[in-house]
Structure formats: C-alpha cells, structure tokens
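Shown below, as structure tokens, is a lone chain in the form predicted alone; questions about how it binds or moves come after it.
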C-alpha cells in the first residue's frame, strides 16, 4: 500500500490497473481524457500489454470494451458525458446482455459546461439502462470504487456506470493504493448465445432478467460502504448528499454534522436508508451535483407528505456546479465568499493559438464567402470552433460531433448556397464519415473543409484516427478524387487557397478541401523534446 497525490482521473486509472485491467477504450474528451493518458504512460500497463490505444469514437470504444468483457477480461470504457450519447446504442443493450469479465464505464460529466455543449447528468442514463451506478465523493473513493467495481460487476453480471464530475476529475488528493491483482484468464460465456444475441425472443428474456436483477442491485446498494447514515440530534432537517456534494457539505461542518445526513454514492437509491431519514426528519435538503435526480426520485417515494428542498424549489441554483459556498448558503450559513472569482482577474475568452493553421483557413474562407450572398458555414466540435469568436466570426452553427457535414447537407437540400462544412480531422473520423456518405449518395452541392492539424488538438494532442489517410478515406467513400483538394494553410499560399475554395464552391457536387498543417502546440512539444 502506497500513498500518492492523484487527480481523480489518475486515481481511477491506477485503480483499474491495480484491479487487473486488460484494456481501456476511450475517445479523448474533457474531463475524462487523463484517465486513458495515465494508463498509456504507465510502465505496468506497458509491461502487461494492457490495451490503451484511442478509439475512433465513443461507440467503437464501448463496443470494443464489451468485446473484451465477452472474452472474460476486465475492461474500462471512458468518456465525457456527451460521449455517452454517441455510445448509447451499445450502452443500453449491454445492460440487456450483461457482461462476462468486469466492465466499468466512466462518465465524466461537466456541470457549468467548462468545455462542453451541455451539462447533462448521466445518472439519468444509468437509471434509463437500469444498471448499478457509483458516484465518488473523494479521490480515494474514486480509486476504491473502481478497484472493487470490477468484482462487483462480475458478481452482479452487469456493467457498472461510474459518474464523476469536473472537480472530481481535475482536483488532487492523497490516495492509498492497494495490492495489484492479476488479469483474468480468457474465458467466454457458456450461455453466450442466449445472452449476447439480442434477437427479440431472446431479448425479451434478457429484459425480464434485468428487471429481476434490480432487487440484487438495491440490496448491494443498501449494504454498500459508500452509502452511510450519519445521525445527529437536530432532526428539523435531514440532508441527503450525493457524490462530491458530500465533500462540499463536509467542508461546511468541520466539527461534525448538525443534522442527520445520508451520503449516497452507490445507486439504485438505498431505499431503506432513504425511508429512515425521511421518517425521522421534518424536512429534507438534497445536495447533488447536476440534475435533481435524487430529488425527483425522492418526491416520487414520498408524494406530498414531506417538504423536500434542493434544485427544484430554488434552494440551490438550477444550473451549474455546486460549491461549498452554495451548499453553505442553502444551509442558512453566513457565506465568506472564499470561492468567488477575484475582481482583479480579467475574464478573457479563449482564442486560436498564434501560428495555428485554422486561422489561415478562416481568413481565406471569410474573404471568399464575402463574395456570396447567403453563404452559411456549419461548424463542428474542436479547437477550430473558436472561429465563431472575433476576429473571425467564421461559422454559423456548432451543435455536436459530426453535425457540420449533415447540417450543411440539410441546408443545401433546403436551398442554401454555398453550404460549407468545417470539421477537424479527428472529428471527421469520429462521426463525419457517415454524413459524407449521405452527401456522396445524393451528390449534394456541398463543400466540406476538413481542417487537418494531424492530431486531436482540443484535448491535448492525442493521436487522430485519420492521420495520413484522409484522402483515401474520402475517395473510398466515393468523393471524386479530382475534388479532394489538399492545401497548406500558410500566408504564402493565401491566394492559391482562395482560388481553390472558389473553384470547389462552384462545383455542383461534393467537394472536400483538406488544409493540412501540424498543430502548432504538438509541433512545439516535438521540437522541445528533440532538444533534450
């Protein structure tokens, strides 16, 4: 047993290695990225041959993790919250098939949308799939939950969803590690064809099995060391705190709790413990990071017989992260404002790096599109999304991964001309390729710009699945090679870039432009590394 100062993400990664992990499958996405990166940098992972290459997207990651579980090995699948939307098909059906080797799915949620399009709370997804969930309140719990979670997954026969949030992922604390376990031997399920072939007749049986398993899930939650009841004499109020919200509550009571507290970090809700606190206390305050998931369930349990406070009645703000100050205010405490942003800190919007190839692309695109009335540019998810901000103001939409291609197609179908898609190389291979196939199949009058910086830049420079093969991918999908145009976005090529953009806008069919220049950040890191 050793003590380490770990990020929450690092604690999860080390726990998985120590628990006998055979493979991690993920697509980079803040705040989950560091889990896979930690395993990629682990000497033990290299020695053991633990799989740790990035997947093309979250769906492929989830399916590969389930395949490793089918082989009897322990698999970890990591993603940010919106990534679970991409992986939802396999996620929901893995709850039907169950697992063989232990399988843990990490959902790193992002309340306050520090680096995301929404702040969805994926505990709702866990409830939707009806699988057990864990939600750590500290880095040590994050480690312990993952270390023990693989065994729990195998015992219950289902995947486990571990839900963390940004502060848990990206803050540090001391973590005591445990003995390293051997990897599972390969063994495929003897009843695999009855469980893993979800034909309707078999799926109906599996759904009955999933419903029947709810009793075991709840019993496990009732006995879980992660769910604890702290008694106190003042029962005018009872407090239910989930995950990291328990940490914030504890900061407000350094000398011990004034009211009874039920800490919930394993789901389904431990109903007997909920009944105990609601039966003893006059009113209930629910503290949870994200949506009012427990608050709504509690109201379903209780009806109108007990007053419940939380995000729904305005005791806590409806959106954004909780803080110790927000929790203290909900408790009626005098707030000192330790967590307020100092006025001396100037709020600066993010911007594309100086020397970034996306800058040259947007400058050339803006100049050409000024010649067209009604031009629309459909953007995508990546650092190039910053082209929406001054000084470029170059894109009109940004909704989800891959949407630039399909939204531009729909707009072109509706009569928009020119309809331009701007997408990054990693996002294109993540979820832009199928949209391009739709365009090819209908010979849509569209211009697609795959701005290729040869990496997944926004999340720190991870490998991009399409590096070195974008032209062949586009040609394989069916784009006419004569209209796959590669450019080098530099000032010396500015006029040539503009001419190519004009030519392809006028082409009545599918055009793909690939401005290619390595990300300035990864290039700088390579140069520094070469000098050592």
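Positions refer to the first chain, counted from 1. Since the model is a prediction, treat every value here as computed from it, not as a measurement.
Omitted here: the form predicted in complex with a small molecule. The next part is about that form.
Each of 28, 453 and 459 comes within 4.5 Å of the small molecule in the predicted bound form, counting any heavy atom. Site annotation in the predicted bound form: the residue of 281, 86, 377, 90 reaching within 4.5 Å of the small molecule with a heavy atom is 86. Proximity to the small molecule in the predicted bound form, defined as a heavy atom within 4.5 Å, singles out one entry of 316, 395, 364, 401, which is 401. Within 4.5 Å of some heavy atom of the small molecule in the predicted bound form lies at least one heavy atom of residue 80. Though the partner is left out of this view, residue 161 does not reach within 4.5 Å of the small molecule in the predicted bound form, counting heavy atoms only. In the predicted bound form, residue 430 approaches the small molecule with a heavy atom inside 4.5 Å. The small molecule in the predicted bound form is approached by residue 358, whose closest heavy atom lies within 4.5 angstroms of it. Judged by heavy atoms within 4.5 Å of the small molecule in the predicted bound form, the contact stretch among the candidates 421 to 429, 172 to 180, 291 to 299, 218 to 226 is 421 to 429.
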